[in-house]
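This document starts with one chain, in the form predicted alone, laid out as structure tokens.
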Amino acid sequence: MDAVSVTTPNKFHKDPTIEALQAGIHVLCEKPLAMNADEARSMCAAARDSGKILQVALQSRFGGSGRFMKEYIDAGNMGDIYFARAQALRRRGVPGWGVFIDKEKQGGGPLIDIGVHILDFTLFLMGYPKPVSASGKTWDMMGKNPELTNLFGDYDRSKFTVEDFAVGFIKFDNGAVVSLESSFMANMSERDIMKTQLFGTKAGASVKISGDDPIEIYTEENKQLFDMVPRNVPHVESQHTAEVVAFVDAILEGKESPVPGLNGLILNAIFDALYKSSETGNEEKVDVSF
């Protein structure tokens, strides 16, 4: 056996991942990497010590909009990206199946289920700066309310133990800041929002993970303001298939992990700080060491 894919509930990511790595097997682990940063640290250390690939299954960056924007940004067209607003919001979209509403097995709600996708997508485009602190707030009133409808089907409201809405403010060591909004159940005009807004010194952009015309770029030339919609965004049939292909290619070609465990650790550490901040009311440090 050369590789395994760990697709268990979040509570059971750590042990099979570490056991596989220690046995000399490459691992593609579902997102989020772990329940918390401490678990993620042990998984990253196992990957480092084994020399095997640990890839976090964060598929959004493999889509057409992610590929286009990464190339556009790396070419210097955006300048320094100093702020981003990342949104993963649903109007009435609680996943009642599986363990998505069970904090003991999942670790959290929309923040680590869908917020993880848009935050990774945003940080990937920004070059994954190192986080230093975060403050946040979570709520759980609507997810527990049996009077509200849910477009994903009904579920037992008495078993809802995660947040239904989370917001965060994250600071990075390069001076950049990201605001994050994630919800299963928000009173808003759209049914589903999955996008990031990037603010750079040369240009800004609104980028959706998928859909028609997913990118708008805002810039200036000769003191004239332009809103641009690129027409050559690559078509990717399946982001999930693309991430698996990248995983297999890295194994066969001896490449670095396409989504290294450190990225997963950074996300888990940010979520830990946001959850803690919601409890304490304070800005909390983010530790990504391992």
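Predicted model only: the values in this text are computed from it and were never measured. In case it trips you up, residue 1 is the first one in the sequence shown, and so on.
One more form of this protein, predicted in complex with a small molecule, exists but is not displayed; see below.
- With the partner left out here, the small molecule still marks one of 37-45, 228-236, 261-269, 51-59 in the model of the complex; by a 4.5 Å heavy atom cut-off that stretch is 51-59.
- Mapping the unseen interface onto this chain, H117 counts among the residues with a heavy atom inside 4.5 Å of the small molecule in the model of the complex.
- A residue is said to contact a partner when one of its heavy atoms sits within 4.5 Å of a partner heavy atom; F100 meets this definition for the small molecule in the model of the complex.
- In the model of the complex, the small molecule stays beyond 4.5 Å of every heavy atom belonging to S5.
- In the model of the complex, the small molecule stays beyond 4.5 Å of every heavy atom belonging to K14.
- At a distance of at most 4.5 angstroms from the small molecule in the model of the complex, all three residues N10, P32 and D113 contribute at least one non-hydrogen atom.
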